[in-house]
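Take a look at this single chain in structure tokens; it is the form predicted alone.
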């Protein structure tokens, strides 16, 4: 799989007045994000995951090492417009991303800034709103929408810029369960049906297990990197670095410790019910 984002021995720290303080948030980080992939990034507060997001589209540039987007060096000022057309960002609070008083005008804002032809903008806005299930709200006022709907409008704005990759920095953190479900459904549609690369930063384990790959950050480095079933079977190690695991995964782990022969890689309720039913059949 071709890579769209590549980190090579990247280091970054925030500058403060306290020169003695150790503010390193990314330390010698090397990883690649494949085109068309759906990658979840986990980590406790201060682990470096949000900094990783901002390094991905040149909001920040590395102080050590190199970040490239489709081969373009993010530290090269002349590349920044092209990089941000390639990798779009969606942040935690949708209210901070809404710039217009009408939904369709908000989605059109990015393409207009890129100098896209008005007829093309019209096509892109309609297509983007349809792709996130918000076309029927195109004439609505954004501030009257729910949190989940606002976030979907923000995602539509990135799609209208025709980015190849969307980096979402905890986009469901401020949403209720219904809003979270709406946004996750939208993200999976963009990835699976439209081929858009997704880098999804979250602290919800039930969201992370829906990705194809999970990266766990700890103190600015990669602690785990693999398929969800590979990563979440390390229950004790994940807890040791301050992370939870899906509840059914933890339950399976406890049952195994009690001598019950149940799979260690269970990630959702359906898998648990199926595995536990087989155990029950054997014991009868």
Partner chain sequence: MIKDITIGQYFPGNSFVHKLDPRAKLIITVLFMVLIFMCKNFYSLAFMLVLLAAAIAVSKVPFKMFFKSLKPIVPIVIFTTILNIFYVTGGTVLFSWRFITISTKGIFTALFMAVRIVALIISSSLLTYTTTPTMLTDGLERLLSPLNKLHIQVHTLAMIMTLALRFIPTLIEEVDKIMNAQKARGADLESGNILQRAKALVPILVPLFVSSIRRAYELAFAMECRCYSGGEGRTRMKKMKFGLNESVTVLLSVVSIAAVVLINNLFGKII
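Values in this document were obtained by computation on a predicted structure and should not be read as measured data. Positions refer to the first chain, counted from 1.
The next section is about a form of this same protein that is not shown, the form predicted together with its partner chain.
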In the model of the complex, the residue from 125, 201, 134, 187 that sits within 4.5 Å of its partner chain by heavy atoms: 125
With its partner chain left out of view, choose which of 196, 168, 158, 208 has a non-hydrogen atom within 4.5 angstroms of it in the model of the complex. 158
Heavy atoms within 4.5 Å of its partner chain in the model of the complex: which stretch in 175 to 183, 188 to 196, 209 to 217, 93 to 101 meets that? 93 to 101
Contact label in the model of the complex: residue 71 to its partner chain, heavy atom within 4.5 Å: no
May I ask you to check whether residue 248 falls inside a 4.5 Å heavy atom distance of its partner chain in the model of the complex? no
Whether residue 57 contacts its partner chain in the model of the complex should be assessed with a 4.5 Å heavy atom distance threshold; does it? yes
Although the partner isn't part of this model, could you tell me whether residue 113 comes within 4.5 Å of its partner chain in the model of the complex, counting any heavy atom of the residue? yes
Answer yes or no: in the model of the complex, does its partner chain come within 4.5 Å of a heavy atom in every one of 10, 40 and 66? no
